[in-house]
Ligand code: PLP
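Heads up, the chain below is alone and in the form predicted alone; it's given as structure tokens.
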Amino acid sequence: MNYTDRIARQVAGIPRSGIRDFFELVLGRDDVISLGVGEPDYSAPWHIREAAIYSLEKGQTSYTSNLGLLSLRKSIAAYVAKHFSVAYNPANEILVTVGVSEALDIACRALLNPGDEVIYHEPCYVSYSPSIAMAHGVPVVAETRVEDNFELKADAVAEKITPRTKLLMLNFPTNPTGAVQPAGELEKIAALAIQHDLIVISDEIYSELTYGGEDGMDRGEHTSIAGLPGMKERTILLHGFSKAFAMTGFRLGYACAPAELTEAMMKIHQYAMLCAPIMSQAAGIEALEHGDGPVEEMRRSYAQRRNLMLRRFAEMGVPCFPPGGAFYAFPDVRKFGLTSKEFALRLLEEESVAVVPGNAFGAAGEGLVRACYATAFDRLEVALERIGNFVSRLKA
């Protein structure tokens, strides 16, 4: 049988993840220090794990409401009001999902008709364009540049708006660049969304991990577009537990949106996933209600590693934008005359250090590589020493 013409066109045209393709090369190599996978090197704090264990001990192994446990939705509402200054009704404006990835997928599928255009910014996380395409939408790129600190400029968005534009997709702080969006520019983008009647999907999974002050040790400011005047009614706020709370394996996220949009997303969720795991939801309540302290401890540790990475890249003579959030550095390697993939492959082969080629995050990432600093400090020091050796040979 010829399977080629049996596979849906919108799936056949999607490339494999550039991150996963590259890291198949790393599998089975114990000598490699990976700065590639965007995952905290911490385990979830004990009190969060204990909540999941206690949930199991109590025999909580059932389904929950499709929307998620009401107790968790109430905790989410309180947390979002505190940290994002937006009020949501836990009864009908919050949907608990299986990670933020599911929330992004069902938001696109609930809103897009074939041919609807979605503006998103690159470099960006690898799933945004495929999520749009799989929902039969048309991905439209607005590039961000290192010269602008990888901020998304309102003018760049305005240039891409057409009569078919329906959604604007944002991710700040951004994976892979670590960029944060200034409130002033975000206000201009919000004005465009209102003017052109766009809905905004805002992925703010890294919002707790920001770096302020001269040394980055203070928590930086984060502005959610959902909290700007006139924007709650046209924004789907996506957030979750994977990054700040080190709960990647719990697969727990949520979407906050007007009731009508939440209902539309829930329809897909109830048939595709039904509900998020109940023990993960129990852990989520503990994280939101008692997790601020451990989150700050982890954030300060990431800030120290961020500073180490920036200092060492500067000593190597490798330009690197100082990330304002997340846990990624995005150094510029164009001066060495190699493509992003060539640089990453040679670094892996010659020094056993894994980074991700920047073009995995879109064409705008070509010439840069992503290095994740959410890895143990001592291993990070060794990795940077090896990168320094590699760069020295390239210069010779």
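Counting begins at 1, following the sequence as shown. Nothing here was measured: the structure is a model prediction, and the numbers come from that model.
Keep in mind that the form predicted together with pyridoxal-5'-phosphate (PLP) is not shown, yet the notes after this line are about it.
Participant: Does any heavy atom of R312 come within 4.5 Å of a heavy atom of pyridoxal-5'-phosphate (PLP) in the model of the complex?
Facilitator: Contact check for R312: no, nothing within 4.5 Å of pyridoxal-5'-phosphate (PLP) in the model of the complex.
Participant: Even though the partner isn't displayed, in the model of the complex is K243 close enough to pyridoxal-5'-phosphate (PLP), meaning a heavy atom within 4.5 Å?
Facilitator: Close contact exists here: in the model of the complex, K243 approaches pyridoxal-5'-phosphate (PLP) to within 4.5 Å, heavy atoms only.
Participant: Using 4.5 Å between non-hydrogen atoms, is N307 touching pyridoxal-5'-phosphate (PLP) in the model of the complex?
Facilitator: Residue-level check for N307: no, no contact with pyridoxal-5'-phosphate (PLP).
Participant: How about L112: is it within 4.5 Å of pyridoxal-5'-phosphate (PLP) in the model of the complex, going by heavy atoms?
Facilitator: Output for L112 is no: heavy atoms all beyond 4.5 Å of pyridoxal-5'-phosphate (PLP).
Participant: Going by heavy atoms within 4.5 Å, which of 202 to 210, 133 to 141, 255 to 263, 114 to 122 lines up against pyridoxal-5'-phosphate (PLP) in the model of the complex?
Facilitator: Looking at the other structure, the answer is 202 to 210.
Participant: Of the options A193, V100, L228, C320, which one has a non-hydrogen atom that comes within 4.5 Å of pyridoxal-5'-phosphate (PLP) in the model of the complex?
Facilitator: Flagged contact: V100.
Participant: Please tell me which of R251, H83, K188, K166 lies within 4.5 Å of pyridoxal-5'-phosphate (PLP) in the model of the complex, judged by heavy atoms.
Facilitator: The option sitting close enough to the partner is R251.
Participant: Can all three of F150, P182 and T223 be found with a heavy atom no more than 4.5 Å from pyridoxal-5'-phosphate (PLP) in the model of the complex?
Facilitator: No.
Participant: Could you run down 58 to 79 and flag each residue that has a heavy atom within 4.5 Å of pyridoxal-5'-phosphate (PLP) in the model of the complex?
Facilitator: Residues within 4.5 Å: none in this stretch.
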